[in-house]
Structure formats: C-alpha cells, structure tokens
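One chain comes next, on its own, written as structure tokens: the form predicted alone.
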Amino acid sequence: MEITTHDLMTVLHGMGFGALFMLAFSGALVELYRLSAPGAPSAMSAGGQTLLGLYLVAMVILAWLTVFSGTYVIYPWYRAVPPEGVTDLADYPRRLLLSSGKTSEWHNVGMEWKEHVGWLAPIAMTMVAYVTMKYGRAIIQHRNMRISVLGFAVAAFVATGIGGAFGAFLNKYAPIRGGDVIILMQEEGP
C-alpha cells in the first residue's frame, strides 16, 4: 500500500484541515445561535465563554491551515505548466481541465471559487473568534452584534462547503499526482 507526497498533502488539505473545519461548524453554529436566539439566557458562564473561545480559535487555526495548504502547497502543483510537446496532460491538472470544453468550467468556476472565495472562510472565522472573545459575556447585550457574528459564521460555513465540494469534483476530474512515493505497507514474502 502506497501513496505519493502530493496525494498525501491533498488529503491532508481537504480531508484533514478542511473536513475538520467543516465538522467543527456544528458546535460553533449551535452555540452562536444559542447566544443570538430570541429569549437567549442573559448570561453565559465564564467557563462556557472560555470553552467557546478556545473552540473558535481551533476553528480559525484549521481554516488558515486549509487555505494556506491549498494556496501555497496544492495550488502550485495544480497550475504546473507542461513542457513543450507534452500531449499527456494527466500530470498537469489545470491544463487537463482547460483542454476540453466539457471540463473547462470546472476550472473557470470551481477553481476560481477556491482561489478567491475560499479566503472568506478564515477571514470571517477570525472575525467571529475575535469579536466573541473580545466582548465575552457582554456580547449577549448586543443583539445586532450577535446576529452579525452568526451571519459571518454561516457565510464561512457556506464558502467552505462549496469550496470543499468543488475541491472533491476537481480532484475527481483532474487529480494532483506526483511526488515521492511513501510506502505504507509492504507485502510480506513467503
């Protein structure tokens, strides 16, 4: 059983950092909604506030790891330019997608989303974590602020979900291959 370094980094980017970030939204959105819901309790315990802050900081770290690994590790492999005369574009995902009218929109829409809108998620989650931690339990007194924080969290969730779906489809049509081979298990001889 083996995997290449490019495959491993792609899995770490999407299924590691990205998927964990998406999973973390369930707890964050529930807690942020609980704070902004009509009839919300007038006070949050100090321990609850600390836990929410740590949870949001972990989400921010996952969001930035996802975007940085995608932008500075995976994306250069995606944009690799084939040498003159190469006709097999399997190792050049961007060129492979753009070589056919049937797949070019995966680059034009999907990768453009990942390149530009994908940055919205870590920026929005950084704002959510900062405001929540700065105002602490006092955020409960500012309904519009709570609703805005929840709105930014939802926007980050939607941007991440769409980016993740595009990433999965792009990797299906034009996977990033190459790099050194890592042998995970070897077949034992007789």
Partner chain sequence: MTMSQNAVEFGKTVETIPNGPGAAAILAAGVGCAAIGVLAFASELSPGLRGLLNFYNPVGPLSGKTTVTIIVWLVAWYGLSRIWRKETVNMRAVNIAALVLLGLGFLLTFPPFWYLFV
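Positions refer to the first chain, counted from 1. Computed from a predicted model, the values in this text were never measured in an experiment.
There is another form of this protein, the form predicted in complex with the partner chain, and it is not shown here; the text below is about that form.
Asker: Which one of 51, 29, 61, 162 is close to the partner chain in the predicted bound form, taking close to mean a heavy atom within 4.5 Å?
Answerer: It is 162 that has a heavy atom within 4.5 Å of the partner.
Asker: Since only the chain is shown here, I'm wondering whether residue 83 would be in contact with the partner chain in the predicted bound form (any heavy atom pair within 4.5 Å).
Answerer: No - in the predicted bound form, heavy atoms of residue 83 and the partner chain never come within 4.5 Å of each other.
Asker: Verify the contact flag for residue 103: yes if a non-hydrogen atom of it lies within 4.5 Å of a non-hydrogen atom of the partner chain in the predicted bound form, no if not.
Answerer: Answer no; every heavy atom of residue 103 is more than 4.5 Å from the partner chain in the predicted bound form.
Asker: Taking the partner chain as it sits in the predicted bound form, is residue 91 near enough to touch it, meaning that at least one heavy atom pair lies within 4.5 angstroms?
Answerer: No.
Asker: Mark residue 99 yes when one of its heavy atoms lies within 4.5 Å of a heavy atom of the partner chain in the predicted bound form, and no otherwise.
Answerer: Answer no; every heavy atom of residue 99 is more than 4.5 Å from the partner chain in the predicted bound form.
Asker: Sequence order please: the residues of 55 to 85 with a heavy atom within 4.5 Å of the partner chain in the predicted bound form.
Answerer: The stretch 55 to 85, when checked against the partner chain in the predicted bound form, contributes 64, 68, 71, 72, 75, 76, 79 at the 4.5 Å heavy-atom cut-off.
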